[in-house]
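Just one chain follows, in the form predicted on its own, and it is written as structure tokens.
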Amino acid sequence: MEEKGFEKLERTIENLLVKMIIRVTTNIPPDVLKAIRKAKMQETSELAKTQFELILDNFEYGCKNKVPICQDTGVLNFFIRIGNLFPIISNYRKIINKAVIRATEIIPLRGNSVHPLTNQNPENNIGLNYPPIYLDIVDGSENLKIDILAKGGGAENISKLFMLNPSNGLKEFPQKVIEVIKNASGMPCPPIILGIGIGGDATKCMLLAKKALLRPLNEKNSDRDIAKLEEKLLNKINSLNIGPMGLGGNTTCLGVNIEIAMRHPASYPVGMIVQCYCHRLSSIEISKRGEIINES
């Protein structure tokens, strides 16, 4: 592709990213909206029903008026799957930074990037190694797929890494996860969505847990045993009576998504990434010519 073609495609990607960021911060995915409406219908606590009504009213207002549906506009996580035949393989940090700066001004977004030592905030949501970008190369593909996940600080603070004894890790980790959520109570703004990564190493299991949040709530793991474990954990968490915003109720968790990887025989890592009810997620796939194939 000629230089002008590269520049045009980069601008196309940047503009699409700006639109995605606006969508991800002012809308809620249909599967999450459906799950919250269902939880409200099944709720027996009047206080919990009221909380669900407030949540739904907030979603409606944000979507209608194109304003953030949560005052914590979160950390924008970018998951990029590039086909090895797609014309642009590099430059994504530059493209994403430009899009984030523009979206921060347009929406506007709260400045959520601070230096870990000085607390200096550039107020534009970019910085050293920020925002998080996760990249995978897909062999034989000409397309580019990008998912954006906005992660609020309250839910992120509940996330954990467990390095368990390999002899009993599988039996031990569900209770450890439940204990963390029980102790957290209303801090992660329930009802939560829970991503879990099992296996790999300390880094891989946490990444798997975060990637698990990209899977729709109504789409269980294709492995039957893992799907059963997801359902078991979901039922146990919802029996805690934490409820929406920690005020009691039948629904503490909207969904549990688990992904796995092979592990070292002497190590049993488990990662859990917690997402609040405001599960802001957007996705787009484009062709090598910059044409939209799918978006949500």
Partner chain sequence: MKANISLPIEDERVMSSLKIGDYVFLNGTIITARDQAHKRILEYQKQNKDLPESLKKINGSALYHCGPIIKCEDNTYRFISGGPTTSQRMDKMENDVIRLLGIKFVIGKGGMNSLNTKNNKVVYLSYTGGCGAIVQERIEYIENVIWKDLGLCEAIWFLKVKEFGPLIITQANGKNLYK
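All of these numbers come straight from a predicted model, not from anything done at the bench. Residue numbers count along the first chain shown, from 1.
In what follows, reference is made to the form predicted in complex with the partner chain, a form of this protein that is not presented.
Interface residue among 189, 177, 193, 148, judged by heavy atoms within 4.5 Å of the partner chain in the model of the complex: 189. Checked against the partner chain in the model of the complex, the candidates 261, 227, 41, 54 yield a single residue with a heavy atom inside 4.5 Å, and that residue is 54. Contact check for 105, 123 and 242: all three have a heavy atom within 4.5 Å of the partner chain in the model of the complex. Within this chain, residue 33 is remote from the site of the partner chain in the model of the complex, having no heavy atom within 4.5 Å. Taking the partner from the other structure, the partner chain in the model of the complex has a heavy atom within 4.5 Å of a heavy atom of residue 185. Of the heavy atoms in residue 129, none are within 4.5 Å of the partner chain in the model of the complex. Of the heavy atoms in residue 110, some are within 4.5 Å of the partner chain in the model of the complex. Of the stretches 228 to 236, 60 to 68, 267 to 275, 33 to 41, only 60 to 68 has residues with a heavy atom within 4.5 Å of the partner chain in the model of the complex.
Along 21 to 54, these residues reach a heavy atom to within 4.5 Å of the partner chain in the model of the complex: 46, 47, 50, 51, 54.
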